[in-house]
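Here we start with a single chain on its own, the form predicted on its own, put down as structure tokens.
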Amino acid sequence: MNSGGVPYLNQAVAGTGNAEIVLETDHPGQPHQGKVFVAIHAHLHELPYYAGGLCAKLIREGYTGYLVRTTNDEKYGGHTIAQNILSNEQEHLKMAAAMGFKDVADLYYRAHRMNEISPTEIRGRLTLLLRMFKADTVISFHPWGYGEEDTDRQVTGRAVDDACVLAASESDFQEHLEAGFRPQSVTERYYFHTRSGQPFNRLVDIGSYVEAKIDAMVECRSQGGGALGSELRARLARQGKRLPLLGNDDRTANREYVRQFLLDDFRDYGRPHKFSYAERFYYVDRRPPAKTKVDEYVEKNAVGI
């Protein structure tokens, strides 16, 4: 049993309507040794916020993780465009290191302007990365997420969904194949749950990984609230006050601020299932069956000649 009281397996429970929600819990050992996931987001803070626990879990269970950011985040940080680009790039690398990713790729599209980009171009770049990294699993935005207002997220999610299909094709983007990047089947996808009303069919217990999630979130200071604790601590000090929650140094202040004020949704998601924290996803399984209908029919009906 894990800390949430659920066996080490994926357990289906009743969801809304006719849907079933699968509860994904810790798996002992490293059952995913040798597998690769690629996490793709638009802005610095999104991956750790929506899927930091899942990524830490998969890496601990044997996956190798790669992180891709599609924009340059030039609008976030409160400084000039150049300064914002630099601070977000540096924090992206620190966040990825805190999570344990093997490598990071930035596509540097201008933030809030991804709807100007040729869909063929971005699909091609993402397809190349999925083939180059040999991705088995992808984590990103739901391609048709209800209520998503950020156009960068919309464009990213749809391009990722297309790239997952094209990466397996033997006839798309021939230049990749000629350069030695072979077709790659992406067999599992986890799509973020970013807005109330969006569909989800999987709840991942992240109680064992919440510290890693917090470590990643506090590196997101140009956006995402990673420095709010130290800012509050400094403001209170100027007023001759202190908040015991925030401790005696900036790192403690930032981590405890995140824990106390920025993880409410994840506590709420887990509570009905006795998880301390959980993340929601729409999960798509494209793994081939062990036996096809043809295989089964042949086994039952083939005769000797």
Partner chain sequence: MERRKFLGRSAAGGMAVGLGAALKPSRGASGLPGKFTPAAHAIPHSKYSPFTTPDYYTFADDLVIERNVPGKPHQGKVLAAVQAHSDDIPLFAAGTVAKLIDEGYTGYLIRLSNDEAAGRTLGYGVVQNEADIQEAARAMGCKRAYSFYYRNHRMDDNAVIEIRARLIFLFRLLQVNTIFAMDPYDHYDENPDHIVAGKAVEGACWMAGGGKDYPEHYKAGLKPAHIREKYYHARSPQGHNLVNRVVDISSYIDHKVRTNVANKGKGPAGTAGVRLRRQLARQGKKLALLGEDDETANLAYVKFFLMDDFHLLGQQFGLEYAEAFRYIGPEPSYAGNIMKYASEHAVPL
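Positions refer to the first chain, counted from 1. If you're wondering where the values come from, they're calculated on a predicted model, not measured in any experiment.
The same protein also has a form predicted in complex with its partner chain, omitted here; what follows describes it.
Within 4.5 Å of some heavy atom of its partner chain in the predicted complex lies at least one heavy atom of Q174. Heavy atoms of Y76 never reach within 4.5 Å of its partner chain in the predicted complex, leaving it off the interface.
For the chain shown alone, K134 is not a contact residue for its partner chain in the predicted complex, no non-hydrogen atom being within 4.5 angstroms.
Mapping the unseen interface onto this chain, S196 falls outside it, with no heavy atom inside 4.5 Å of its partner chain in the predicted complex.
Checking 138-146, 101-109, 209-217, 196-204 against its partner chain in the predicted complex, the stretch whose residues place heavy atoms within 4.5 Å of it is 101-109. A single residue from the set T151, T80, T120, S169 has any heavy atom within 4.5 angstroms of its partner chain in the predicted complex; that residue is T120. When its partner chain is considered in the predicted complex, only one residue from L128, M114, A227, L86 comes within 4.5 Å through any heavy atom, namely L128. Using a 4.5 Å cut-off on any heavy atom, the residues of 177-195 that reach its partner chain in the predicted complex are, in sequence order, E178, A179, F181.
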